[in-house]
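As structure tokens, one chain now follows by itself in the form predicted on its own.
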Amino acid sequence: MNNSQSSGGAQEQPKPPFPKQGQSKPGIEAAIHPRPEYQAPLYKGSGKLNGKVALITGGDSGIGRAVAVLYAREGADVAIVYLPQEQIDADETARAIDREGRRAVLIPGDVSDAAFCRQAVERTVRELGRLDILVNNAAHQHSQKSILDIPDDQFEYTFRVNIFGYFYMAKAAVPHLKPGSAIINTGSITGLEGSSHLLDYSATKGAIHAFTKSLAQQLVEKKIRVNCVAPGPVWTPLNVSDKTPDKVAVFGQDTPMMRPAQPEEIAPSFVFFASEADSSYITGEVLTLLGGETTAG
């Protein structure tokens, strides 16, 4: 692990230039160099989620993995959804949850399929006894320079994973959620500022932000909170599998902190939104985590 503390107390995280590298989609975290940091050694659990059950889509790697680890550290059992080809990463996440002393349930499948989403929720409730926290985090991203380069099937699949999947999971989960439960969606800075090379992805992230606010209004009387975390660049398989090796090498360099976030730096915000102790009066918010950028939106 690379995240030691400097003499001044600040965490040291990897900075560009990174090794030039590339992967086919969806990307495997086990093959990234340097490995994304997800174990959060400075984060001390305090029982904020004791007895809770969380379901995390895209929980095998990246932000989802780091969130799974911190939820387990805070006392929750965790089910994770992931694509079958990501099994090696899902197994590592399950081991990390186990090291925290909590139960892990692995559910391979594609969130673009409404029937699978219903099955994932039912299996979580059946095996872990309840559902308190839904994290919609799975995403598909495919860069293209021009709208003319985006095939219709790419456009449709991006929407099916990134926003249809959020809708399907939330629709399946809501009947099981009780007062005090939470839904946390993963948005993006691209949903606020746009991105010339991620037209379809950015559009879905903007939709996620509006979905968050609308669902929050709908569920507030049920005392179910709905919030969104919208990061800037994060060192995950999603990005390494969607950029040229030259761009991977300098990924995140243009932020004020001159590096991408590590997943363990994003995950505490998901704890904050899941925890009644921290955010009982917060719903419908989109929290940006941008490494010093202050002009989002």
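Start at 1 with the first residue shown and count on from there. Just so we're clear, the structure is a prediction, and the values are computed from it rather than from any experiment.
Note that the form predicted together with nicotinamide-adenine-dinucleotide isn't included here; everything after this is about it.
When nicotinamide-adenine-dinucleotide is placed as it is in the predicted bound form, are 63, 161 and 166 each within 4.5 Å of it, taking any non-hydrogen atom of the residue? Yes, because 63, 161 and 166 each have a heavy atom that approaches nicotinamide-adenine-dinucleotide to within 4.5 Å in the predicted bound form.
97, 139, 226, 134 - the one with a heavy atom within 4.5 Å of nicotinamide-adenine-dinucleotide in the predicted bound form: Only one option qualifies, and that one is 139.
Mark residue 188 yes when one of its heavy atoms lies within 4.5 Å of a heavy atom of nicotinamide-adenine-dinucleotide in the predicted bound form, and no otherwise. Heavy-atom contact with nicotinamide-adenine-dinucleotide at 4.5 Å: present for residue 188.
4.5 Å heavy atom contact, residue 183 and nicotinamide-adenine-dinucleotide in the predicted bound form: So residue 183 does not count as contacting nicotinamide-adenine-dinucleotide.
Looking in the predicted bound form, any heavy atom of residue 76 within 4.5 Å of nicotinamide-adenine-dinucleotide? No, residue 76 is distant from the partner.
I'd like to check something about residue 86: if you look in the predicted bound form, is any of its heavy atoms closer than or equal to 4.5 Å to a heavy atom of nicotinamide-adenine-dinucleotide? Contact check for residue 86: yes, within 4.5 Å of nicotinamide-adenine-dinucleotide in the predicted bound form.
Report the stretch among 142-150, 76-84, 210-218, 120-128 that approaches nicotinamide-adenine-dinucleotide in the predicted bound form to within 4.5 Å, counting heavy atoms only. It is 76-84 that comes within 4.5 Å of the partner.
Residue by residue through 191-207, tell me which have a non-hydrogen atom within 4.5 angstroms of nicotinamide-adenine-dinucleotide in the predicted bound form. 201, 205 sit within 4.5 Å of the partner.
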